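Just the one chain here, the form predicted alone, laid out as structure tokens.
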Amino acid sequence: MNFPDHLIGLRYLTKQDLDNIFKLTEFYKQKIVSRKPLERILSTKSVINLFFEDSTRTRTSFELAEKKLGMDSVNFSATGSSLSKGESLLDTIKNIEAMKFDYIVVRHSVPGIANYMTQHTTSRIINAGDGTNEHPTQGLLDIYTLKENFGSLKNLNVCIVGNISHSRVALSNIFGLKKLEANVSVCGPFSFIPKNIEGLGVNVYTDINEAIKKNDVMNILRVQLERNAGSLLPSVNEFNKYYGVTKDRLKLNPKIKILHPGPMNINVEIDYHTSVSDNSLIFEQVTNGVAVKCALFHLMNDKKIS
């Protein structure tokens, strides 16, 4: 099967690539939910999880997928590494390259780091989030969750809400959803909407109530205070007042489905009731994250299912 050597971003994948990923994701999802053991098809492969930023869901789901497929995995954290002693990032990459890992999963605050690593290693690179650029595995699990619930995504109305300008999740969702012919929009205060985002083929809402009424799905993004997003707002309470997705606002469209990549800021961009309501697909996303990563490793290794 012809599949890219690296997963850098959804902008680089074709519709056929997405279809192949989702077909295998369904296979792995069934196995995971039924708690059936997986064939350890990657028992001869090694992987390093190279996380320069904190993570819970992404890192844990990668680790679990790797173990389920039988990989030898090593976890790296910038804290406590030689980076704290003055080693350059390039020297760190070169040392990791010398260890001859088959795969490198990388998460970093600098946009483009995953692509940079393809030029300095012979390992296959999976981008687990690079700055404000892309987060392709999150985009894939979000989109797969929608396919599970809606089937075809053609003409499905999906609105990405909140901190668009700081979000790598937003871009991956936009690129992937557009390739599957969904109608994509964004909603948030002007300070959170990138200039010329309409050039990506998305519409812009400034009224959260209108967005809820006119869409089938709200993918709610966290206000990323650690990326200085808070400085663009008068207060998080005001953001919640004008853009928070709440129990009362769900009444505007009782059938709307809710996604959130996590972690959630409860009572900022979303309230607790919404996060656990029948509208919410948030915990399905987490389960699907493991299945998506199993599918990716499988495809990148070009193995057949027995």
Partner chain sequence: MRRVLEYTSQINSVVIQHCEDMSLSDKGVMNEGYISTVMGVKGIPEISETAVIARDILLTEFVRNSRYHIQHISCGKSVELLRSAKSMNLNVTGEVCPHHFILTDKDCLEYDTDAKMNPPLRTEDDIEKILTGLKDDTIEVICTDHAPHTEYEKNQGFYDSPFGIVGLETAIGLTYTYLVKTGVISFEQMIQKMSVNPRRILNLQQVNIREGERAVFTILDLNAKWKVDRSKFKSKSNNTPFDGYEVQCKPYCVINKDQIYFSKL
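Quantities reported herein were computed from a predicted structural model and do not represent experimental measurements. Numbering follows the first chain given and starts at 1.
Omitted from view is the form predicted together with its partner chain, to which the following refers.
Stretch 192-200 is the contacting one of 143-151, 192-200, 214-222, 177-185, since its residues have non-hydrogen atoms within 4.5 Å of its partner chain in the predicted bound form. The candidate spot formed by 91, 116 and 171 lies fully in contact with its partner chain in the predicted bound form, as each residue has a heavy atom within 4.5 Å of it. Residue-level contacts in the predicted bound form: of 137, 73, 123, 133, one residue has a heavy atom within 4.5 Å of its partner chain, and it is 133. Contact between residue 98 and its partner chain in the predicted bound form is not found at the 4.5 Å heavy atom cutoff.
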